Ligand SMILES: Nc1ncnc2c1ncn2[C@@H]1O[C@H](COP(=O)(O)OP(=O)(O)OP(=O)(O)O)[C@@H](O)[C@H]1O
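Only one chain comes next, encoded as structure tokens, the form predicted alone.
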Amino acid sequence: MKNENYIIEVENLTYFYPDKTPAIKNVSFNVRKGESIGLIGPNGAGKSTLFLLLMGFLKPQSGTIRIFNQELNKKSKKEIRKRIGMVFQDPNDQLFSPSLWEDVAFGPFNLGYNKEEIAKRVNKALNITDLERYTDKAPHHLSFGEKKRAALATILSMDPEILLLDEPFSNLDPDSYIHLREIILKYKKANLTLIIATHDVDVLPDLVDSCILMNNGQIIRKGELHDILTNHTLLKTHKMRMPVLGQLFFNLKIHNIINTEMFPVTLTEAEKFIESLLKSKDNTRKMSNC
């Protein structure tokens, strides 16, 4: 049954690999318009397979997917794909044309836009990803970080309402990481619906508001960012860990150095927590001297 509040609705989704190995097992979840979600889980949890199902690249054995209040099927997937884009983990899977401009223009061209609109969209996407100077360059001559941004540009040129990012920060150097993160953060603030699939929980704070934890092809839990990423027992049980900052404060609590139930997972949160802690200790010291 369709629900106007959701932009994605998945119900009882099941998918088997060709060798009959279960990859997605009776998965159900909903996504609201403008929601930003971290899809987390260890390698082999089913994250990438779930993305391919949402794009209609794979057909489930059972269950339904509704996107933009349309059931995803052979008849509707072409229209749905005009409004949803996926950036693959390996950018080489998305870059195949002689020049970067042609790669970024490929999507708008296939959507039927005229030359002027295609040029406008390509230039905008290249500007956003800071790749304008590489317009005529062969994509395979770009650095890996540039390829990551180029793959994103090929999707942004279609102006998607939903953006699926599969391990967007894997194998990036610090500068490329920062650059790509700023682009994603910009789209989050613009209320684009984002789902970031990753096993690296340190990249998620600030970029997402909620998380879906997957393991063995199943959804273990969906909840607010902090509820998932500071639940040490839950994460450890499913072969994951807390973000480094959260783990640091968790360890301090275990050793009775601090007393808190809320573990910071971003630098801003950590700074505020430490400032509050220092003020509290300073006030205690002043009172003891009275």
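Since we're looking at a predicted model, the values are computed, not measured. The first residue of the shown sequence is 1; numbering continues from there.
Absent from the display: the form predicted in complex with the named molecule. The rest refers to it.
- Using a 4.5 Å cutoff between non-hydrogen atoms, Leu13 does not count as a contact of the named molecule in the predicted bound form.
- The named molecule is not drawn, but in the predicted bound form it has a heavy atom within 4.5 Å of Asn43.
- The named molecule is not drawn, but in the predicted bound form it has no heavy atom within 4.5 Å of Arg66.
- In the predicted bound form, none of the heavy atoms of Ser280 sits within 4.5 Å of a heavy atom of the named molecule.
- Note on contacts: among Ser176, Gln89, Ser97, Gln218, the single residue with a heavy atom within 4.5 Å of the named molecule in the predicted bound form is Gln89.
- Site annotation in the predicted bound form: the residue of His199, Lys77, Arg121, Lys188 reaching within 4.5 Å of the named molecule with a heavy atom is His199.
- With the partner left out here, the named molecule still marks one of 47-55, 259-267, 26-34, 223-231 in the predicted bound form; by a 4.5 Å heavy atom cut-off that stretch is 47-55.
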